Structures are given as C-alpha cells and as structure tokens.
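Single chain ahead, written as structure tokens, the form predicted alone.
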Amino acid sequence: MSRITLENLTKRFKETTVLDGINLEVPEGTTLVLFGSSGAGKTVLLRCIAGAIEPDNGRILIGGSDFTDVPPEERGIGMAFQNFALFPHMSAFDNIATPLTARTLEKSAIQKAVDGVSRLLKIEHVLSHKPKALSNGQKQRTALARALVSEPKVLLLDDPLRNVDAKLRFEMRLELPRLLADRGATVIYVTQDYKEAMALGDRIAVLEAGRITQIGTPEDIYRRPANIDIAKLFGDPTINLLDVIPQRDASGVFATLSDQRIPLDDGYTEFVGEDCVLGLRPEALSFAESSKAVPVTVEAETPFNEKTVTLVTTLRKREILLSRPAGTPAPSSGSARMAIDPRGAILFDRASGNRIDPKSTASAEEAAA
C-alpha cells in the first residue's frame, strides 16, 4: 500500500507559515500534480513528505502507517529535486545507481536498470560524465533517472522537466504518464506549468500561500475553477474577465455585452442585481454572422503555430481575446460579431472572487417566487 495521506500538516520558518494545515490524500497508484506559483510552499511540502524537513504539526501517512518521525532513508521514497542534488565526484551512472548500490544489488542488475532508465531519458551517452560536464537539462534528467531507477512505490518529483529543452519536455509529457502508470507508483509531481499539470495529473491540487485552494481532475480545474485566481492560472491565452450584473426577465437570466443579451443559467437567479464577473475562455468565443451575436471591433491578430489569437473590443472598449485553430478564416480588422459558447462561460462573485455554481432549476424558481 502506497497511499499518501497528509493530516493538518503545518510548517513555519520563524514567523512565516509556509504550510498552513495541509490535508491531502493521494490514492495508491495515482499521480497528483501539485501546482502553484513560486513561493507557494510546493517544494517544502515534498521535503516534509520525504523526511528532509520536519513539520511543526500534523502527520504524514504512507499506506496507512505513520511516517512522520521515520528517518528519510527508511521511507522508501524516490525524489528528484529541483536543484539536482547530484554527487559532484560521481559519474552520471554512479549518481543514478545510488539507490541500487545502497541495496547491494548485483552489478549486472544495476547495469540493466541504469541502462533502461537512461535510454528512456536520452542520457545514455553521458553516463560516464561527472555533473560539472553536464548541461542543466542533462543534470535534471540524471536526477530524474535516479528517482525512477529503483522503481519506488512513492515518487516525489519537484519540477523535473523545468531545465530540459522544449522538444524533450513535450516528449516526456507523453512518456511519463505511461511510465508512472506501468510502475504503479503513487506520485506527487510539482510544476508551475499548467500544460504540464493538465497533461500529467490524474488530479491537480492548487497550492497558494501554503494552503490548498482546489483539488480536482484537470477538466474540473479548467472548467470549474474555484476562484478567479485559479481561472487565470490555467489557459493560454488567459481567461477573459468582464464585470457584469445579471438580470432577469420573462425569458430568463442574462447579462449584457455590447448591449447584446448573453443568456445565463436560470440557476443564477439568486445573483440577479449583484456585482459579478463573467469569465469567458478564449476558445469558447468565435466570429459569427448572426444578428444575435455580440458586436465587436477587431483590433489585432496574432498567429501562433497551432492557433490564432484575436484581440477585439466591445462597444464600451472592453478588451476580449478569442482563440481559434490556425488557418480558420475570420475577420482581421474592422467590425465583426462574436458568438459565445455557454459551456465556456463561468460566473464569479466580484467581492470574494469565488466561482458561483448555478442552483438547480427548482431551487432557482423558489428563489424567484
């Protein structure tokens, strides 16, 4: 059993609380991505689980057993540190082999294991080199190989692809999920790259200022972010955020944009007349000919490899970004109209910044009565 459970985990450095009562469970054999901005406490959390840092309060359970006071070397955890932590006097091969030599395995078994993981990470040609002769990307992959080579049941990866080149990073995003699933490891993977988080995680935990603000599947986090801050962290281009005040008439609940009616879920009846923020994902917006679409002015267009991003303004000069697949025909200047896919619209409370969930139709009707 390798389920990871954290109970009220707290860590302070002098007067600064870095981890503030973290409660978290990572089911056996799954990959949880720990996502957050720099300084959120992600690395400190990993080091507490690994035993490199002692928490001030709380418990760390692995497979149901309390490991809070167990020495690091007895936890059976593999970890790849962000700062590499390679032994400078050892070759890349010997660094990778460290967990295996500590178990006094036969040389042939060690050779086979190191060769296999080094081929996967494309560093077999530098195994004889010492760290000072390696690039940062090679050092990062060597540290990752060392974490993987002994096939630990618990694996902690601290932004292991940060220093690798773009091509290898893309390849590893495809390879790592399969590799980790094949080995059945329970993984906590730290990253600041939302694309990496979406690609690698069975679930994502968003950590900000020492607290977990949302846990969910990648789709949950993207489609139903807990608050505006999380919504802005996921997506490129970023989500459009527009101040609105929901209204209601005989046809239902709506907001207005460029004097055009934007239908909203009737479950938002409770928030009619309240200050809200309407979040619109750029890919949920498209150009349309319909007279019911929102009138806008096309200001600029930026092509990317796989998509084209267009900046438009509303009648009241509010800026909005649209994203469409590259090569899709669309106006590049002048007046146009914009359609909105309601599945890409998210309503937030302006005061708190929290997402507003529409109530069921029955509840909404009761509130309006």
Partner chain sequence: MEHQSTLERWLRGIALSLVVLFFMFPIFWILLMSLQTNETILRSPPSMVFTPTLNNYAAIIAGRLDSNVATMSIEFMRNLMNSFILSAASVAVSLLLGVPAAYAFARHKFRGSEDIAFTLLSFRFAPPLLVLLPLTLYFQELGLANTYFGLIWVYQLICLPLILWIVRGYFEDISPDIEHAYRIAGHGWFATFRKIALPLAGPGIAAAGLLAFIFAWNNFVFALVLASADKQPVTVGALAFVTASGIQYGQIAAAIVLSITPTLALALWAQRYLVEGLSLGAVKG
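Note that the structure is predicted; figures quoted are calculated from it, not measured. Positions refer to the first chain, counted from 1. The term rigid core refers to the maximal set of C-alpha atoms that superpose within 1.5 Å between the two forms.
Although it is not shown, the form predicted together with its partner chain is what the next lines describe.
Peer 1: Out of R119, K132, K112, K292, which one falls within 4.5 Å of its partner chain in the predicted complex, going by heavy atoms?
Peer 2: It is K132.
Peer 1: Of G252, G137, G216, P99, which residue is found within 4.5 angstroms of its partner chain in the predicted complex when only non-hydrogen atoms are counted?
Peer 2: After the contact test, the surviving option is P99.
Peer 1: To test your reading of this chain, name the stretch in 104 to 112, 271 to 279, 254 to 262, 91 to 99 whose heavy atoms come within 4.5 Å of its partner chain in the predicted complex.
Peer 2: Answer to the contact question: 91 to 99.
Peer 1: Consider G184 of the chain shown here, and say whether it contacts its partner chain in the predicted complex, taking contact as heavy atoms within 4.5 Å.
Peer 2: No - in the predicted complex, heavy atoms of G184 and its partner chain never come within 4.5 Å of each other.
Peer 1: Given that its partner chain is not shown alongside this chain, does A85 nevertheless sit within 4.5 Å of it in the predicted complex, heavy atom to heavy atom?
Peer 2: Heavy-atom contact with its partner chain at 4.5 Å: present for A85.
Peer 1: Just checking whether A50 would be counted as a contact of its partner chain in the predicted complex - the rule being heavy atoms within 4.5 angstroms.
Peer 2: Yes - in the predicted complex, heavy atoms of A50 and its partner chain come within 4.5 Å of each other.
Peer 1: Taking 4.5 angstroms as the cut-off for heavy atoms, does E73 touch its partner chain in the predicted complex?
Peer 2: E73 belongs to the contact set for its partner chain.
Peer 1: Superposing on the rigid core, I want to see if L168 changes position between this form and the one not shown - specifically a Cα shift of 2 Å or more.
Peer 2: The answer is no; the displacement is under 2 Å.
Peer 1: I want to check F84: does it shift between this form and the one not shown by 2 Å or more at the Cα, with the core superposed?
Peer 2: Yes, because once the rigid core is superposed, the C-alpha of F84 moves 2 Å or more between this form and the one not shown.
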